[in-house]
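Coming up is one lone chain in structure tokens, specifically the form predicted alone.
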Amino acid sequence: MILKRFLSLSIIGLSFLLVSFTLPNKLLKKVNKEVTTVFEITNFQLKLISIEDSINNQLVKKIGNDHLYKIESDSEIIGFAYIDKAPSHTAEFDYLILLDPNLIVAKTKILIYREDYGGEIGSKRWLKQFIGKKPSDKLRYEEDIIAISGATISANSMTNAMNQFLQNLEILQTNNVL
């Protein structure tokens, strides 16, 4: 009886753990669409990259358990995907950063924006500014990155998020995680 209860609770706990580290379907569909478009492939897998606590503690911003993925096709690494949230004026937005195998930004995309104002940061024209950036690059809002009137908080937030991610890439590269 006790063993049955323990096994049931263990299975429930394991199921919760597995589900809690996956992307919601709405985000996953958008990520898959971007990967297909940017890398011009249809057959690929997103493989979660787990980061040891000792390395995660060195990062500028810790990377959660379901944020960084290796993109593989036929056992070959074709790139990396990073999905996270950044604050906007009163809420937050979800964004995606795609990297080529050399850790150079191939594309950035705002996946979900939850405010009435500031959505201009989702424009392809504005997001193009991040393409080609490398881990060693440092971005300055209103200098390297063009400001957007009416989206100051979100644009600044996206610039800060990119800076943190690029700094984290350097640390992950140094520690042979990527």
Partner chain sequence: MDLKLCRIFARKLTKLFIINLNNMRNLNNMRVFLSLMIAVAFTINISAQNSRRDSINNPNYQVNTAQRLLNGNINTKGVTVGGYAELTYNRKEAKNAELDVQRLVLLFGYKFDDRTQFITEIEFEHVNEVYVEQAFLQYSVSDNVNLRAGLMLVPMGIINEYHEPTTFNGVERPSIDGAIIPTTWREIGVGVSGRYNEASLRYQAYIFNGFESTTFDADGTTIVGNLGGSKGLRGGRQKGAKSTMNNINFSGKVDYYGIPGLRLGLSGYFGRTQSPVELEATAGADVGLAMLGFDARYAYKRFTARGQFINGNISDSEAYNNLTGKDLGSQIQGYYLEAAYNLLPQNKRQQLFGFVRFEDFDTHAATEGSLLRKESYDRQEWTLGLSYKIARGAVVKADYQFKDNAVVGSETVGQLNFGVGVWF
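Positions refer to the first chain, counted from 1. No experiment lies behind these values; they were computed from the predicted model shown.
Beyond the structure shown, there is the form predicted together with the partner chain, which is absent from this document and is the topic of what follows.
Visitor: Taking 4.5 angstroms as the cut-off for heavy atoms, does residue 124 touch the partner chain in the predicted complex?
Guide: Looking in the predicted complex, residue contacts with the partner chain include residue 124, since a heavy atom lies within 4.5 Å.
Visitor: With a cut-off of 4.5 Å between heavy atoms, is residue 167 one of the residues that contacts the partner chain in the predicted complex?
Guide: No, residue 167 stays farther than 4.5 Å from the partner chain in the predicted complex.
Visitor: Is residue 69 part of the interface with the partner chain in the predicted complex - any heavy atom within 4.5 Å?
Guide: Residue 69: no, not in contact with the partner chain in the predicted complex.
Visitor: Should residue 56 be classed as touching the partner chain in the predicted complex when contacts are defined as heavy atoms within 4.5 Å?
Guide: No, residue 56 stays farther than 4.5 Å from the partner chain in the predicted complex.
Visitor: Which of these residues, 47, 61, 134, 140, gets a heavy atom within 4.5 Å of the partner chain in the predicted complex?
Guide: For this set of options, the contacting one is 140.
Visitor: Just one stretch in 35 to 43, 111 to 119, 61 to 69, 48 to 56 has heavy atoms within 4.5 Å of the partner chain in the predicted complex, so which one is it?
Guide: In short, 111 to 119.
Visitor: At a 4.5 angstroms cut-off on non-hydrogen atoms, which residues of 146 to 169 are near the partner chain in the predicted complex? List them in order.
Guide: Sequence-ordered list: 146, 147, 149, 150, 152, 153, 156.
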